[in-house]
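In the form predicted alone, a lone chain appears below as structure tokens.
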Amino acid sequence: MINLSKSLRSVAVFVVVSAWVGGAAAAQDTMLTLTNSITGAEILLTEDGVMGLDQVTMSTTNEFVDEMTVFSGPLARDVVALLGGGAGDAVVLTAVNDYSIEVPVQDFIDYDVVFAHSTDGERLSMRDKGPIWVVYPMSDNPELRDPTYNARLIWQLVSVEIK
């Protein structure tokens, strides 16, 4: 199981309380919905919630960018860790257009997968794969340059469900 740092617990508590207090308004402002189908836990992350997580940058290429690109955002393993105990073996990532793919949780442990909200310092818009694009460190890991992992580079991510 992934251990939560103090800052991650604080963000999780803030987001859950904010969602509860704000009700429908918080749902409208949700950037990413996290669900643990094992425990029933759900967290609605707003933009502030996503930005409040520890942020990393990663330079990589993939088949959807023309050159080495700097991606910024929280690590996928940190986002999944917000849901705490009862972590399953897989997550289902779902985009705004209902495209979804099941990904082994082990990917997030083995690789520094980023839930990127920015490329080269510019925020991602809905028109440009945003607000969140799941990005693997393909340049540093040649084994990731494979159609299996290309299918996991989901953009316009809106939902993460632990199964």
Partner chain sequence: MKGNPSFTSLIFISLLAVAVGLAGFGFLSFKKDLAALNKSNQENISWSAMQLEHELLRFQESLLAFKYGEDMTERQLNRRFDILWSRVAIFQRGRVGERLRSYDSEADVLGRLFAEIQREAPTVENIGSASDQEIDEIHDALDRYSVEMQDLSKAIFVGEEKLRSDLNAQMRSSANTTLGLSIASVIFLLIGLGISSWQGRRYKNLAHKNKTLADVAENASQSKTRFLTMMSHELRTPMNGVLGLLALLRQSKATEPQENIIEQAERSARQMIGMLTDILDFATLQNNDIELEAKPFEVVQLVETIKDLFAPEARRAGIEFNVVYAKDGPLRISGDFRRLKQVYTQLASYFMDLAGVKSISMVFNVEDSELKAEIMLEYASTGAAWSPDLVLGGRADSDDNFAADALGPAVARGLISKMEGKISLLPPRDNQVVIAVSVPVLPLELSVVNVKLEMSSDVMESICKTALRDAPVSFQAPKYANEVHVILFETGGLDEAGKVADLHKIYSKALIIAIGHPINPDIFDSVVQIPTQISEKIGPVIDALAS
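Residue numbers count along the first chain shown, from 1. Note that the structure is predicted; figures quoted are calculated from it, not measured.
The form predicted together with its partner chain is left out here; the points below concern that form.
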{"property": "Residue 128, heavy atom within 4.5 angstroms of its partner chain in the predicted bound form", "result": "yes"}
{"property": "Residue 159, heavy atom within 4.5 angstroms of its partner chain in the predicted bound form", "result": "no"}
{"property": "In the predicted bound form, residue 146 touching its partner chain (heavy atom, 4.5 Å)", "result": "yes"}
{"property": "Contact flag, residue 139 vs its partner chain in the predicted bound form, heavy atom cut 4.5 Å", "result": "no"}
{"property": "Contact segment among 50-58, 110-118, 97-105, 37-45, judged by heavy atoms lying within 4.5 Å of its partner chain in the predicted bound form", "result": "97-105"}
{"property": "Those residues of 34-71 which, in the predicted bound form, come within 4.5 Å of its partner chain by heavy atom", "result": "63, 64, 65, 66"}
